[in-house]
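Take a look at this single chain in structure tokens; it is the form predicted on its own.
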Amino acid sequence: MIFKNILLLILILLLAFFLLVYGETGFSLEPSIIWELRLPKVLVCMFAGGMLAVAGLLMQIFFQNPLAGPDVLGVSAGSSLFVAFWMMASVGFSQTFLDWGGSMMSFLGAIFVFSILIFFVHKNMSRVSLIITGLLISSFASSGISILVNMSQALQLKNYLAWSMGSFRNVTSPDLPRFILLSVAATLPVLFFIKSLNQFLLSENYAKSMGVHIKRIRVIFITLAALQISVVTFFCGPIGFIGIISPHLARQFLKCSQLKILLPAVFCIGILLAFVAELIIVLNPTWSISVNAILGLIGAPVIVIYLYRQRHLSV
């Protein structure tokens, strides 16, 4: 198991090195290009991909649903709606206020959708119904965003459309320290709850019997997942599929469900998916293709294969 995690780490280092020395213009070791353009992109891929993967794992554990994910259950859509509202309504404010306010609105949007989902979970909603609810939330958010777009001015619309495409290149060097700070704050606390997560993974009743404070750990799960999703959504735009497929790929790769081993692999696979998407864009600079388009081509078959293998099980 440790060897496989080391292998993932080696792949990450190789891809990171390649993306540092190679860009759309070819190979370059110019320090200004590496430090100002490529290093921020590589770091954003690492933190954003890893956070989305961990958030997806937390959601699958919490909802006891293998198809749970930030994009599938509408959490990313809710976060996007709140960010869109903020971008359209906050004309004239200082840039610092815009940035921190946008981060907060993204977090509130994720928490709002989580609250709706938790309400339905407490009403004993089935897995399929929960997925449908998530799709409806995404549809509602898309409709709300369309209305906001039609009401916006040209500059606001341009900024929003550039953000909504989803990209790991949206974070500039001045924004990088804030992005890293929020990413570490959202991810690091997960390490302190691995034991509780393992117990929760078996079942909520088992965790309760082992002395886990269910309500407290539930609030912690939700807050951390919402913070991770909101940070990525605000800085990178809505990024799909990484959250839902990374845990499945990690389980298949390791053949293990112990979180002490699985969690690092999930984080690493999230990074690799982000790197692969960015690598395809770098190697084909003439293509007008988004990160989400590439991740969709990777993620959709993975989900279909999973559903096919689970066809004999009741939903």
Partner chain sequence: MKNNLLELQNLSIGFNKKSLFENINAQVSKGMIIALMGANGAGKSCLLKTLAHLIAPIGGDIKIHDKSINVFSSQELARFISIVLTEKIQVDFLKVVELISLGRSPYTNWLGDLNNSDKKIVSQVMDQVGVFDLAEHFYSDLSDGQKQKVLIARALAQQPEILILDEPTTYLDIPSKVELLKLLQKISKESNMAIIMSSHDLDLIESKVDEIWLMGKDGSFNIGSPENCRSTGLFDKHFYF
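Numbering follows the first chain given and starts at 1. Just so we're clear, the structure is a prediction, and the values are computed from it rather than from any experiment.
Below: the form predicted together with the partner chain, not depicted.
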{"item": "Contact test in the model of the complex: residue 209 vs the partner chain, heavy atoms, 4.5 Å", "value": "yes"}
{"item": "Contact of residue 187 with the partner chain in the model of the complex (heavy atom, 4.5 Å)", "value": "no"}
{"item": "Residue 169, heavy atom within 4.5 angstroms of the partner chain in the model of the complex", "value": "no"}
{"item": "is_contact(residue 173, the partner chain) in the model of the complex, heavy atom dist at most 4.5 Å", "value": "no"}
{"item": "The unique member of 151, 191, 181, 162 whose heavy atoms fall within 4.5 Å of the partner chain in the model of the complex", "value": "191"}
{"item": "One residue of 252, 284, 290, 28 in contact with the partner chain, assessed in the model of the complex (non-hydrogen atom, 4.5 angstroms)", "value": "252"}
{"item": "Stretch in contact in the model of the complex with the partner chain, which is absent here, among 244-252, 274-282, 32-40, 46-54 (heavy atoms within 4.5 Å)", "value": "244-252"}
{"item": "Neighbours of the partner chain in the model of the complex among 254-271 [non-hydrogen atom within 4.5 angstroms]", "value": "255, 256, 257, 258, 260"}
